[in-house]
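In the block that follows, a single chain appears as structure tokens, in the form predicted alone.
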């Protein structure tokens, strides 16, 4: 496709339903992305939804202004399974015949987007942070090398499938409205159902500590499990303090690599913290409005995980720690045990 023909691009948003039949915040963010891109290209967009029952999700976004609504609905599409998910996504794409396909970068969609793009002789980009378009150019921006390099990508090849990471767009909000969706499929072929979904299993942490939508991220470093001023380890007190803060504040919990590796080193660890909580160069880069680091030294490999945190604060006894060297907006030189105990006391009131 010639770059001068970008205004002819047709845009399609594909989303899957959640367990309750609605669309997730990540999918609503992708919807905002699709609407904004359609507006910048002066074109329309279509929406395709798949899941066990898509009626609630379609009604949820019925007033979004889409030109067409497509649906793949049935028991075969309830659970995340590559064969049935890719069948649904491919079916929606072939029905819409769009040149730009946008989806939320959920684990479920990221797993199938590359395969479907290959089947339809298209190209795919995952972990996209923004998409911009004009009459002559369409670009996708994403981070590389653990958020150290920002790449701006443009392609002439179509169709172009784009998985947009959560946290980059504001979730679409609007009134519910009944819509008439065109049914694409209600059942998958037998060949797609050879794999059976027998259930869902979550990490055995015993606590819901990862909350992507929380305003605040608390990060716990290995200092919580080391000897304190009295020469002893206060792991149980640390556990109570951290969980108390999470419960009272509604914050999400992150951990340094040293913290989540404690169990493998035969040291006393927190059963509510797994490698899924790890942030930093070898972990994740969460997106929260505010971040509070406790008992962390703030070395570059760890601090890189804070790249998208808007306000950073740290509590550490060492005034010369890594957080003091330009990585924190505010550094409290104090004992994290005492500070967080006081914070919990204030939150209780």
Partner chain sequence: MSNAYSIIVCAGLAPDPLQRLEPMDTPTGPALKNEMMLPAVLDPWAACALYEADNLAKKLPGSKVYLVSMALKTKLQQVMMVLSQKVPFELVAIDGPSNGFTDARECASELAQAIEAIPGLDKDKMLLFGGWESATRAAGATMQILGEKLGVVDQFQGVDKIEIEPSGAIKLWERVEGGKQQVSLCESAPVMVGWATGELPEPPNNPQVGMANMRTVMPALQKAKSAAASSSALKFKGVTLPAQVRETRIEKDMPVEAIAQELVTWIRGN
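Remember, it's a predicted structure, so these values are computed and weren't measured experimentally. Just so we're on the same page, rigid core means the largest C-alpha set that superposes within 1.5 Å between forms. Positions refer to the first chain, counted from 1.
The next section is about a form of this same protein that is not shown, the form predicted together with its partner chain.
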According to a 4.5 angstroms non-hydrogen atom cut-off, is residue 200 in contact with its partner chain in the predicted bound form? yes
Is residue 106 close enough to its partner chain in the predicted bound form to count, meaning some heavy atom within 4.5 Å? yes
Can you tell me if residue 75 lies within 4.5 angstroms of its partner chain in the predicted bound form, counting non-hydrogen atoms only? no
Residue 291: heavy atom within 4.5 Å of its partner chain in the predicted bound form? yes
Listed residue (38, 28, 57, 315) with a non-hydrogen atom within 4.5 angstroms of its partner chain in the predicted bound form: 315
Candidate stretches 236-244, 178-186, 92-100, 107-115, one within 4.5 Å of its partner chain in the predicted bound form by heavy atom: 107-115
Within 4.5 Å of its partner chain in the predicted bound form: residues from 331-349 (heavy atom criterion): 331, 332, 333, 334, 338, 339, 342, 343, 346, 347, 349
For residue 18, decide whether the Cα shift between the shown form and the other one is 2 Å or greater, given a superposition on the rigid core. no
So that I can tell if residue 245 moves, could you say whether its C-alpha shifts by at least 2 Å between the shown form and the other one after the core superposition? yes
Does residue 224 show a Cα shift reaching 2 Å between the shown form and the other one after rigid-core superposition? yes
